[in-house]
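As structure tokens, one chain now follows by itself in the form predicted alone.
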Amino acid sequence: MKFAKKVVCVALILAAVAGTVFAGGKQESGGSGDVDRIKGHGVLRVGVKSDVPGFGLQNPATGLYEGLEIELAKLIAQEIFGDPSKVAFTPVTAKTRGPLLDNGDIDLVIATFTVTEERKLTYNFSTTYYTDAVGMLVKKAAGISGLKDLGGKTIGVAQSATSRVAIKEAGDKIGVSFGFAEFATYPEIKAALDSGRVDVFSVDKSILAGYLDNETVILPEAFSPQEYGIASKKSNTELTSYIDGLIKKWLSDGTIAGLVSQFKL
């Protein structure tokens, strides 16, 4: 009889522990106030890029969003709602993604958001799901082969992006100075490069690859590793912990590697 009671107690304890973290290999979302609030919305609200091929692109033909970060959002919706379609995408730029999160208009930002020590003071970030580096796209006809050729040139960058700091620091190290022009979107920078208003389009290399054409080339130099994380509001610590657990699981089981391969990143 005593043995039977011990077995029952052990079983109850194991069940309780399993219920707080994982259930059948799937992360349990119950018990989190932040996740419960998202459930209350009936949909996961995510800020994504709409102009970055491979990561977040709104297909002009279908109107649908495509890319690695879009798939990550769907996977999270699957975990929370059991339905990958329970996600609402909001297009963001480097300048708008933070304020939209601050205002509570979106729950998460999954938008090539580089984790920096400065940004960690304002937002919570998950474990890095993709690492890139800042690069430069130039016209083949310009005869630019590297940073050393950019003296007096103008570099187009996105507003509030980290590219500007990374390129300036690299230029300072070799004594080359140049100017910057900021734009709200990547297509605007590409248009400026095409029209000659800027000499260089600078952002992370994988993003540049989406804008490469027969007239342009990505230079081989790379600057400052850019680690992308999923951002949430600073006060949403439970949500951050929940998302971080999912990212770690998908890094470990090859899910994210499969998406990187699928979108040729």
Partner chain sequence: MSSGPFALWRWGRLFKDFPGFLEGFKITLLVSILALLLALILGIIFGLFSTSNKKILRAIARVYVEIFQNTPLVVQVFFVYNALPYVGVTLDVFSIGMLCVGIYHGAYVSEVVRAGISSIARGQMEAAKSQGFSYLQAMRWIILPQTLTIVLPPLANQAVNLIKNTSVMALVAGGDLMYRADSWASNGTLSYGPAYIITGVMYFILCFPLVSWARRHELRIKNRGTGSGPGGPGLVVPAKAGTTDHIHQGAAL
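Predicted model, so just to flag it, every value in this text is computed and none were measured. Positions refer to the first chain, counted from 1.
What comes next is about the form predicted together with its partner chain, which is not displayed.
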Exercise for the section: Quick one: from 95, 140, 173, 148, grab the residue that has a heavy atom within 4.5 Å of its partner chain in the predicted bound form. Expected result: 95
Problem - Contacting member of 160, 85, 131, 177, with respect to its partner chain in the predicted bound form [4.5 Å, heavy atom] - result: 160
Completion exercise
Assert contact_stretch over 77 to 85, 140 to 148, 104 to 112, 161 to 169 against its partner chain in the predicted bound form, heavy atom within 4.5 Å, equals 161 to 169
Handout entry: 119, 183 and 194 all contacting its partner chain in the predicted bound form, non-hydrogen atom within 4.5 Å
Key = yes
Practice task
Answer yes if any heavy atom of residue 89 is within 4.5 Å of a heavy atom of its partner chain in the predicted bound form; otherwise answer no.
Solution key: no
Exercise for the section: Spell out, yes or no, whether the shortest heavy atom distance between residue 71 and its partner chain in the predicted bound form is within 4.5 Å. Expected result: no
Practice task
Using a 4.5 Å heavy atom cut-off, state whether residue 41 contacts its partner chain in the predicted bound form.
Solution key: no
Exercise for the section: Indicate whether residue 234 is a 4.5 Å heavy atom neighbour of its partner chain in the predicted bound form. Expected result: yes
Exercise for the section: Let me know which residues along 46 to 63 have a heavy atom within 4.5 Å of its partner chain in the predicted bound form, or say none if there are none. Expected result: none
